[in-house]
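As structure tokens, one chain now follows by itself in the form predicted alone.
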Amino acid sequence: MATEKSRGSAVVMVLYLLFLMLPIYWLLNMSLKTNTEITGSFSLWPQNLTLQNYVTILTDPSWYMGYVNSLAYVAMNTVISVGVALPAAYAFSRYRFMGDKHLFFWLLTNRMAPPAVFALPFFQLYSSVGLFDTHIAVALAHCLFNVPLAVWILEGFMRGVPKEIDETAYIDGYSFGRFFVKIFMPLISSGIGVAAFFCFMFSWVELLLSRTLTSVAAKPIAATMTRTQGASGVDWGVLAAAGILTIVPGALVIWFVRNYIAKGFALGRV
């Protein structure tokens, strides 16, 4: 009975994984075909395999610069968000002050708000101060959503570190900065990894603000992918190849922080 049950669970898991991987496989399948084959016939694999779609993306500045721009503002946002969230989360985890719970909840409400609410104010503000179409503009805009998320994640990890460690460090003569960097941050390295991962992912997949606040110099790959229709129609092969290449950075980040994510789930804060 137990063996049959385990086999049934394995079959269900395999079917579920196949269902999840089907869109990715089909995207890869399209990226290795020509437009003529994509629109002319149905096939489970490329009949005339070609890499020209990937060559187009990697040699055309209008395509590969979209990846460079996206990686630039995502990296900036991740560093800023985690850097700001660390002291804020420490304050919420170690001190009690008037309105602390209300302030903590208010931070989370910013994450709940749809990006469309802030698109026009950000556009007006950045156009006025000369930040429109820059990487820092998108990075700062994404902080509105990622900083509350990072604070919420880090606060849970910090709360799990005993306060006696802080007091012992002060008795030993550590300044706050030295204690925080040398002792406290290594203790919550898993939390920092998890927070950085989610900041990276949310900033990487966000489209509305990144498209609204950029035009040419800092246009991200997501915005480039929405403008592939020309006089001859949609270039399906190039668009599919761009989609595959867009998945790669996220997959690499998941691979490198997979242990941190597992610890975050184990601690119940993710």
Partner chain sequence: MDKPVNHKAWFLVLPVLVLVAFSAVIPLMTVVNYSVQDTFGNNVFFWNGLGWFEDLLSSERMWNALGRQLIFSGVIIAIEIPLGIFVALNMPKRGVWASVVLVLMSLPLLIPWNVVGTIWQIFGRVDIGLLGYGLDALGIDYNYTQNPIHAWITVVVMDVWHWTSLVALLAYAGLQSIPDAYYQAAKIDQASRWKVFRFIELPKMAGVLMIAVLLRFMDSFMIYTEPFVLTGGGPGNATTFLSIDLVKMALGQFDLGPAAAFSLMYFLVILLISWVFYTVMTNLDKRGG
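Because the structure is a prediction, the values reported are computed rather than measured. Here the rigid core means the biggest group of C-alpha atoms that line up within 1.5 Å when the two forms are laid on top of each other. Positions refer to the first chain, counted from 1.
FYI, the form predicted in complex with the partner chain isn't displayed, but the following is about it.
Out of the listed residues Ala75, Leu108, Val181, Leu187, Leu108 is the one that sits within 4.5 Å of the partner chain in the predicted bound form by at least one heavy atom. With the partner omitted from this view, the residue of Ile192, Ala88, Leu71, Ala169 that lies near the partner chain in the predicted bound form is Ala88 [heavy atom within 4.5 Å]. Contact check for Val151: a non-hydrogen atom falls within 4.5 Å of the partner chain in the predicted bound form. Although the partner is absent here, Pro114 is a contact residue: one of its heavy atoms lies within 4.5 angstroms of the partner chain in the predicted bound form. Among heavy atoms of Ser175, none comes within 4.5 Å of the partner chain in the predicted bound form.
With a 4.5 Å cutoff on heavy atoms, Phe122 counts as touching the partner chain in the predicted bound form. Using a 4.5 Å cut-off on any heavy atom, the residues of 13-28 that reach the partner chain in the predicted bound form are, in sequence order, Met13, Tyr16, Leu17, Phe19, Leu20, Met21, Leu22, Pro23, Ile24, Trp26, Leu27. The two forms, fitted on the rigid core, differ between this form and the one not shown by less than 2 Å at the CA of Tyr25.
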